[in-house]
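In the block that follows, a single chain appears as structure tokens, in the form predicted on its own.
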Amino acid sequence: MDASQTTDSPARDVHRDLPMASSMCWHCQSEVPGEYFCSRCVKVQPLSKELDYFTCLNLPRTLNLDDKALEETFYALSRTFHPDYFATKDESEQSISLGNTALLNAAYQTLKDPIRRVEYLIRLEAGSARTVQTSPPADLLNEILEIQEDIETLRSLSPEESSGQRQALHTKLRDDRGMLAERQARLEACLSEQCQRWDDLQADAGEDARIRAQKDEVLKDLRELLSHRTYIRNTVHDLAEIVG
């Protein structure tokens, strides 16, 4: 008998071929050929901890995702594994339900955010973005250092000091904020271009050495853009706090 016809989970018509933690049911040791529930004992099965988030949500490893498909798949799977539907089950099934739900939630929260999605792809393909130390271009670094010095100077001025000096610094920092906002917009456009370039390479049939080299170059560019984006966003945030 099909497990989807006997389980009391509401998502009876959901079927995905996601890898399970084991090819055998943890309860009755029957073969589990990619089903969420054992066809013999109807026990829920744990998803493989090795699942990447794209596979987990039945999506291609691309950076421009179909938001609707992402959401629909997430909610369908969430209904399948939601802990509320296993409240009367034994501790093992409850634990599996919680584990599967945690994996789905982590996948959804990561992939629905475009920046976290890029960071995650880099971790999958080329190591953690957070462990790669990249410096901004020299001109950007100099601009940011000068802005930070001006911010500290403005903060250090007492109310009794020259209002003219305070006003001059305030005006300069407001102009700097506009300049950085323009630079940030250009950076976001470059980031979008590189994301599309990655997707175009993913669409190529097969993956020879030439395609792999091009992908590695895109990943390098994405990593650098994310690093530069962080420098700019942090400085813009500091400017917003002091000049509004």
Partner chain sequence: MAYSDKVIDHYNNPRNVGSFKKEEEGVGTGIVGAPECGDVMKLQIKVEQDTIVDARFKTFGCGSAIASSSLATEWLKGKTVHEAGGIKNTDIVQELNLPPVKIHCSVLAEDAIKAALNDYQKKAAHESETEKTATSAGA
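Keep in mind that what you see is a predicted model, and the values were worked out from it rather than measured. Numbering follows the first chain given and starts at 1.
Just so it is clear, the following notes concern the form predicted together with its partner chain, a form of the same protein that is not shown.
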{"property": "Site check Leu65, Ser192 and Cys195: each within 4.5 Å of its partner chain in the predicted complex by heavy atom", "result": "no"}
{"property": "Proximity of Asn142 to its partner chain in the predicted complex, heavy atoms at 4.5 Å", "result": "yes"}
{"property": "Its partner chain contact at Glu152 in the predicted complex, heavy atom, 4.5 Å", "result": "yes"}
{"property": "Asn234 within 4.5 Å of its partner chain in the predicted complex, heavy atoms", "result": "yes"}
{"property": "Contact of Thr230 with its partner chain in the predicted complex (heavy atom, 4.5 Å)", "result": "yes"}
{"property": "Option from 168-176, 70-78, 143-151, 108-116 whose residues, in the predicted complex, bring a heavy atom within 4.5 Å of its partner chain", "result": "143-151"}
{"property": "Neighbours of its partner chain in the predicted complex among 210-224 [non-hydrogen atom within 4.5 angstroms]", "result": "none"}
